[in-house]
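The chain below stands alone and is given as structure tokens, in the form predicted alone.
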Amino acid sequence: MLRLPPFAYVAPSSVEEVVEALHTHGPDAMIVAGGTDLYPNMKRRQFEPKVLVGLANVPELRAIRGTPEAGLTVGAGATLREVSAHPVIQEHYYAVAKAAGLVSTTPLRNMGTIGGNLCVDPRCNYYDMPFPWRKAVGFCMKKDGDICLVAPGSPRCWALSSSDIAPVSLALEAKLRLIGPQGTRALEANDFYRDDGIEYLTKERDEILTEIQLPPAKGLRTTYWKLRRRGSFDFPILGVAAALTMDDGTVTRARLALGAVASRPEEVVEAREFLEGKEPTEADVHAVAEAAFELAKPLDNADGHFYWRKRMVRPYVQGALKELLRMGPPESWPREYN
């Protein structure tokens, strides 16, 4: 049995107290909300904090407020179950509800939070193993070692972004609100991530993610397609998030983002060129899928052969876009392997 290492637990009752605790305890402290990723990592000795700053007593972090007309604000502490079941999110921000509902299993969605999923630690087959296994094979640079076991000649870590909500936040161009000792700041979701398996967030250590701001939903169509080994529980080995704003059949705004193909979610910027300002054809959809295929560069650090994971980008992008563009009956869309 893997056991948690010893740690102290503090339970602030406000965001300001959370920031103060993080600042006071410095590098020894980590935030815990649902703990569905943190606690397993602590058991495997990937994380070894001496102090956990719990968010359970900060109710303001769980609020979901706003309107589809003006935009919706989702507290980072809202659970994945609350997000996936929220009627406004289901109707107007379908990709958010769907992505949240596809994370892990029901008990873990009852605990895990949307903010925790946005910040989830990148994964790798060589890293997400118990301490004795990692010691026997040789530690990697992400923890205790000095080389990347996926790409030994690389100067950086190639652990894989495994968040379901992250590519959706890019596709929606959501804004993320952070609070730290220096005050409050807002980031575009795209600016929240670095393409590095270790330093993967631009969030400072003593900052806390407090909310996700979703844009107005007029004319908005969104979806999320997830590839994984099993139909539940597993992390994504490919995520495709698509968001189109439609005006009488014409695409006025198009955003497409991929998850689990790099150390950060990646936007397929060609979607703007091929889809915006027109009523897209199947040729346009195929062109976007080809651009996404070229962008995706998965490595041998997750379930499934990396080349097969790359090949699946084309049908998943086509399926997601055809779903939003209502191209043919649903049974004609490429199959979504959930």
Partner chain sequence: MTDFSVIGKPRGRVDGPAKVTGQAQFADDLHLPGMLFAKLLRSPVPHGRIKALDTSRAEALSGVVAVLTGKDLPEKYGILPVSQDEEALCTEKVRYVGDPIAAVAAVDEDTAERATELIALELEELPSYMTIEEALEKEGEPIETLRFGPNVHKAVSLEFGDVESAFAKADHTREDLFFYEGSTHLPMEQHAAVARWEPEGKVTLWSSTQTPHYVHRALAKVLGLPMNRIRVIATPVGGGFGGKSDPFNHEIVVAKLAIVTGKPVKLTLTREEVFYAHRGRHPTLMWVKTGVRKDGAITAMHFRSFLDGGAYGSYGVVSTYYTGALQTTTYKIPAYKFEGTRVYTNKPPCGPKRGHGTPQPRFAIEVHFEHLARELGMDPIDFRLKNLVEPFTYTANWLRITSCGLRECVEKVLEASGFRDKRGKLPEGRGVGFGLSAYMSGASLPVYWNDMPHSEVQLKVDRSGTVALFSGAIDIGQGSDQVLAATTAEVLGLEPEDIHLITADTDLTPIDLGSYSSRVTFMAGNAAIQAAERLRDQIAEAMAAKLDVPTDRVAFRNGRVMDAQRPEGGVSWEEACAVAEAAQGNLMSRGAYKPPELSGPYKGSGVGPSPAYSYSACVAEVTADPESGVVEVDKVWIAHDVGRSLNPTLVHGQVEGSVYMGLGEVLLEEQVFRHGLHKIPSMLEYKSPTTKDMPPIETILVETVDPEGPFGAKECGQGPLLPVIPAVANAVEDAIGARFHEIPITPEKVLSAMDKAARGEEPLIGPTSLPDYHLGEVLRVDPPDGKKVELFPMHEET
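Not measured: the values here are computed from a predicted model. Positions refer to the first chain, counted from 1.
This protein has a second form, the form predicted in complex with the partner chain, left out of what is shown; the following refers to that one.
| query | Can you pick the stretch from 209-217, 71-79, 178-186, 133-141 whose heavy atoms fall within 4.5 Å of the partner chain in the predicted bound form? | reply | Comparing against the partner chain in the predicted bound form, the contact stretch is 133-141.
Under a 4.5 angstroms heavy atom criterion, identify the one residue in 273, 28, 282, 300 near the partner chain in the predicted bound form.
It is 300 that has a heavy atom within 4.5 Å of the partner.
Checklist entry - Looking at 229, 194, 205, 156, which is the one with a non-hydrogen atom within 4.5 Å of the partner chain in the predicted bound form? => result Contact with the partner chain in the predicted bound form is made by 229 alone.
| said: in the predicted bound form, does residue 123 come within 4.5 Å of the partner chain, counting heavy atoms only? | reply: Yes - in the predicted bound form, heavy atoms of residue 123 and the partner chain come within 4.5 Å of each other.
| query | Is there any non-hydrogen atom of residue 129 lying within 4.5 Å of the partner chain in the predicted bound form? | reply | Yes.
Going by a heavy atom distance of 4.5 Å, is residue 235 a contact of the partner chain in the predicted bound form?
Yes.
So, in the predicted bound form, is residue 291 in contact with the partner chain at a 4.5 angstroms heavy atom limit? Taking the distances in the predicted bound form, the answer for residue 291 is no, it never comes within 4.5 Å of the partner chain.
* Can you name the residues of 160-181 that have a heavy atom within 4.5 Å of the partner chain in the predicted bound form? -> Contacts from 160-181: none.
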